[in-house]
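Take a look at this single chain, the form predicted alone, given in C-alpha cells.
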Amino acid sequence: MWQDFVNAVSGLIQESGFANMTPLHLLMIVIACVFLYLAIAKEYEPLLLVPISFGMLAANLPLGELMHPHLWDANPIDYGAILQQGGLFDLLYLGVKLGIYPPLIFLGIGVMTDFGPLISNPKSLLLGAAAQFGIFGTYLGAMALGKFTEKQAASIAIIGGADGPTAIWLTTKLAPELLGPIALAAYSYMALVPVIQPPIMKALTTKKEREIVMEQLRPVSKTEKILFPIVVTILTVLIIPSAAPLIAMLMLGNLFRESGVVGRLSETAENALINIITIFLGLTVGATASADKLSQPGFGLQALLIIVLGLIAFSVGTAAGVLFGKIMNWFSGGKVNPLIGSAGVSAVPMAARVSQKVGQEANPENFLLMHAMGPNVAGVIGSAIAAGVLLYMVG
C-alpha cells in the first residue's frame, strides 16, 4: 500500500507543471510578472497591459492547455481542429485571427473621440500624416536589415503609429507569428509616451517656439460633426479599400456619438462592448508570447529587433510631426506651435497631453491641449490608413 502511495505521488509530480517547467517557461513567467508590476504599480496602460501580461503568464504555465501554438502554425490553419482540440485561449483567439476584435475596439474609440479640433483646424490633418513617416521609414529600415520578410517588416513598422489595435489587426493579417512581441512593444511604447516624447520635442524646438500661444479654435457646428464621419468613411474606403474595417467602425462609433439619437448604442460601444473585447484581446495576444513559440530558432533575436525597431519607428514619427510643425509655423508667420506636431501619433489623448505639458513648461499661459487634439485624432485615422496601405503593398 505504501509503495502504491509513493508511486501515485511520484506520478502526480512527474505529470505536474513543475516537472515540465523549462528555463524558458520560467523566464517568460518572470517577464509577465514584470509587465504586471508596470501595469499595476506604475499604471502603464493597465487596461490592456494587465490582461496581456496575465495571458502571457497563464499560457506559459506548463500543461495548462489554454493555448496550442502548433494548431495555429499549421498551413493552412485547420479551424475544425481548433474548435475540437483547442483550449479556452485558442477559441478566444479566433476573434483576433479573423480580424474581429480590433475593429470593434475602434468602434468604442470612435464613440470616445471628439473630431471637433480636427474639423475646426483641417490643416492639423497634415501633422497627423507627417507623423506616419516613422511607419514607412521603419519599414524600409527593417527590410534593409535582411532579417524580416516584407510582411514582417510592415507589421513591425506599424508600431510607429502608437496604435495597439491597428498593430494587432495588421500583424494578424501579415505576420501572426510575431503578434506577441509586436503587441507588447506597441502597448509599451503607448504607455511610455510621456517618457519618450518630451526629450525629442525639446531637442527639435527652441524655447521661443515652445512658448508660442496659438489662437483659439473656432466653434464647430453639430451638422459638421455629423457629416464628418460619413464623408471620411466614403472617401477613405473608396481610396484605400483595405483600411475599411478600421475606418468604417471608427467612424460608425463617432456617428453614434455625434448623432445624439442612439444613446444606448453609444453607451454600449463606449463601455460594455469595448471592455469585453479588451479582455479577450489582451488575454489572447499575451498568450501568443509563449515559451513554445519563443523556443523556435532565431525567434528571440527577432523579438529583440522588434522592440528596437518599434522604438525607432515611434521616435521617428514623433520627430517627423514636430519638424512638420516647424514648417507650418514658418509658413503661418509664427502662429503654429511645433509641439502640437508630436501629437500626430495615434496615442489618444496621451500624446496631446504631453504637448500641453511641454508647452506649459515653456510658457505657463500656454494651452495647447485642444490644438494638439487635432493632429492626435488625425493620427488615429492616419495609422489606420497607413495599415491599409501596407496591407495593400505586401498583403
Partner chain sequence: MDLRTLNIVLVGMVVVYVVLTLLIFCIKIYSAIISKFSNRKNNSDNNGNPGKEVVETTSVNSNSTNHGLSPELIAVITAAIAASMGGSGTGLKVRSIKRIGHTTPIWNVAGRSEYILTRL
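Residue numbers count along the first chain shown, from 1. These numbers were taken from a predicted model, which means no experiment stands behind them.
The discussion below concerns the form predicted in complex with its partner chain, not included here.
Shown alone, this chain has one stretch from 169-177, 126-134, 80-88, 261-269 that lies within 4.5 Å of its partner chain in the model of the complex by heavy atoms: 126-134. F228 is the sole member of W72, F228, F280, F148 with a non-hydrogen atom lying within 4.5 angstroms of its partner chain in the model of the complex.
The contact with its partner chain in the model of the complex, taken as any heavy atom within 4.5 Å, belongs to I240 out of L255, L305, L311, I240. Within 4.5 Å of its partner chain in the model of the complex, a heavy atom is found for none of L94, Y189 and N329. G374 falls outside the set of residues with a heavy atom inside 4.5 Å of its partner chain in the model of the complex. Interface residue remark: T223 is counted as part of the site for its partner chain in the model of the complex, having a heavy atom within 4.5 Å. Of the heavy atoms in P122, some are within 4.5 Å of its partner chain in the model of the complex. Its partner chain is not drawn, but in the model of the complex it has no heavy atom within 4.5 Å of V213.
Residues are counted as partner-facing when one of their heavy atoms sits within 4.5 Å of its partner chain in the model of the complex; in 373-395 these are I381, G382, I385, A386, V389, L390, M393, V394, in sequence order.
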